[in-house]
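Let's start with one chain on its own, the form predicted alone, as structure tokens.
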Amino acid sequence: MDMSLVLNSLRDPAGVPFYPIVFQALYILTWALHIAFVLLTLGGMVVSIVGHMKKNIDDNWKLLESHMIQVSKISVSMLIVLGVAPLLFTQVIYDPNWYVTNTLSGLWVVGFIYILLAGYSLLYWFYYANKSNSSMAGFAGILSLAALIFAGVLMHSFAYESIQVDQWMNWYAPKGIVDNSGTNLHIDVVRLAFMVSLSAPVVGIFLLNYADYFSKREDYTAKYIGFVRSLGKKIALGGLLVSAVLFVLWTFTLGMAFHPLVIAIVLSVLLLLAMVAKGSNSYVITLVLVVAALLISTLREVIRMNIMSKYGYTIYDYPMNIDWPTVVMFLSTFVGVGFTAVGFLLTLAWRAGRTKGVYTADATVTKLADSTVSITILWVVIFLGWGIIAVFKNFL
């Protein structure tokens, strides 16, 4: 079978509404943001469960456990919201891949939603059971972590299957017999292990941020801050070393061990190791971690492009039908509403968290709040007005 013909035939005949490279860049950015919260959730859950087991013998673990459950709870919300964007951008420029994955693993694709929902619900059980000192708290936490990891394994499988073009027919019709059960599930063990291992350095560096952030609060003792900082450093160093070994092993299986991007990622990991060991400013360490995440996301895209190019598929020759009103609406929403609202929420959370007791907003936060409300109202008016005009123009 001519897979080049198949891939190009599966493309959306309407083409794309803007330059493909823009969708590609947005995919790389949003996937990096999404995976950051995935890893923080998994790492935070592990720290929470360990803290639950040790809280009766160490008050430091008791406080840290309750905070990390909150962090994990919020991170799941963020990973779900941010996870929508890379899927949409992938579907725009790699629609054949996504269609095939949904055909091969359709049952698991549907099941993924329910498994994620179960994991999220169990996390709330863990939270409330821990708050009430229930004996079931640890059990709920372990179940939640298992469900969330399984959901991650499924999403990894979907991504892996989507780029194994040479295996599609073997998986869909093994020995010439069509399998339309939708139960196909294939994983790359080394790649999956590397991705999961990244949760250790992510949560370790987060704990360093946590220690620096709360060190300004008078109600947090120096002993507790030192405990968290020491724990974060140990987890970050150990996690970076394990992740580095798995990453090198993965790139060797791909034959890309000496690719410029791979070398850049290795150098960034070495820099992170040196900075964590030295005790550098945790916020600067986080910036280096963000760069490393973007490089890893870019490498994933390069791997997919290399595979697809073997079959004559390139996103850059996609037919374009530029719809400027839609593009303007999207960008104005992304920049205007998104940046302003997120800026307000982050500023509010940052300042409120550093204040003991009730926080009273200052002039800057108040202005950001007013701007967010005003821009959101304006956006709703424009969005609804635009829609009403389009309805009257096209259907009445």
Partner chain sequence: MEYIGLYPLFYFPQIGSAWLMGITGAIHIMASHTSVGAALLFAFLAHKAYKEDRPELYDYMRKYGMFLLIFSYVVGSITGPGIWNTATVASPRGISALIHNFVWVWATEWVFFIVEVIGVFVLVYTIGKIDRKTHLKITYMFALASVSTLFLIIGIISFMMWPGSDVWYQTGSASDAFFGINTFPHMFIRIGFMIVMSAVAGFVIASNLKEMPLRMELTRKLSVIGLIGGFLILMSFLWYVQTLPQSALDLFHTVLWPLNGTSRIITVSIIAAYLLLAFALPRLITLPFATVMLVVVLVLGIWPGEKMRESMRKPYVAGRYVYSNQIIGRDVIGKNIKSEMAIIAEKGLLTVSPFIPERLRTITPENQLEAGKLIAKLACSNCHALEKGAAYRPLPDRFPGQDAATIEIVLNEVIATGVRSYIPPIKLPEHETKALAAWLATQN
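Take the two forms, find the largest set of C-alpha atoms that superpose within 1.5 Å, and that set is the rigid core. Residue numbers count along the first chain shown, from 1. This one's a predicted model, so the numbers in the text were calculated from it and none came from an experiment.
One more form of this protein should be noted, the form predicted together with its partner chain, which is absent from this view; the next part is about it.
**Student:** Any chance all of Leu26, Asn321 and Thr326 sit within 4.5 Å of its partner chain in the model of the complex, going by non-hydrogen atoms?
**Tutor:** Looking in the model of the complex, the three residues Leu26, Asn321 and Thr326 all sit within 4.5 Å of its partner chain (heavy atoms).
**Student:** Only one of these stretches, 237-245, 284-292, 133-141, 94-102, has heavy atoms within 4.5 Å of its partner chain in the model of the complex; which one is it?
**Tutor:** Selected range: 94-102.
**Student:** Looking at Met78, Val153, Val302, Ala147, which has any heavy atom no more than 4.5 Å from its partner chain in the model of the complex?
**Tutor:** When its partner chain is considered in the model of the complex, the option within 4.5 Å is Met78.
**Student:** Just to confirm, Phe252 within 4.5 Å of its partner chain in the model of the complex by heavy atoms?
**Tutor:** Outside the cut-off, so no.
**Student:** Heavy atom to heavy atom, is Pro260 within 4.5 Å of its partner chain in the model of the complex?
**Tutor:** Pro260: no contact with its partner chain in the model of the complex.
**Student:** Considering non-hydrogen atoms and a 4.5 Å limit, does its partner chain approach Ala222 in the model of the complex?
**Tutor:** Answer no; every heavy atom of Ala222 is more than 4.5 Å from its partner chain in the model of the complex.
**Student:** Verify the contact flag for Tyr128: yes if a non-hydrogen atom of it lies within 4.5 Å of a non-hydrogen atom of its partner chain in the model of the complex, no if not.
**Tutor:** Result yes; Tyr128 sits at the interface with its partner chain in the model of the complex.
**Student:** Enumerate the residues of 108-122 that have a non-hydrogen atom within 4.5 Å of its partner chain in the model of the complex, in sequence order, or give none.
**Tutor:** Counting only heavy atoms within 4.5 Å of its partner chain in the model of the complex, the contacting residues of 108-122 are Val109, Val110, Phe112, Ile113, Tyr114, Leu116, Leu117, Tyr120, Ser121.
**Student:** Superpose the two forms on their rigid core, then report whether the C-alpha of Leu10 is displaced by 2 angstroms or more between the shown form and the other one.
**Tutor:** No, the C-alpha position differs by under 2 Å between the shown form and the other one.
**Student:** Superposing on the rigid core, is the CA of Ile388 displaced by 2 Å or more between the shown form and the other one?
**Tutor:** Yes: Ile388 shifts by at least 2 Å between the shown form and the other one.
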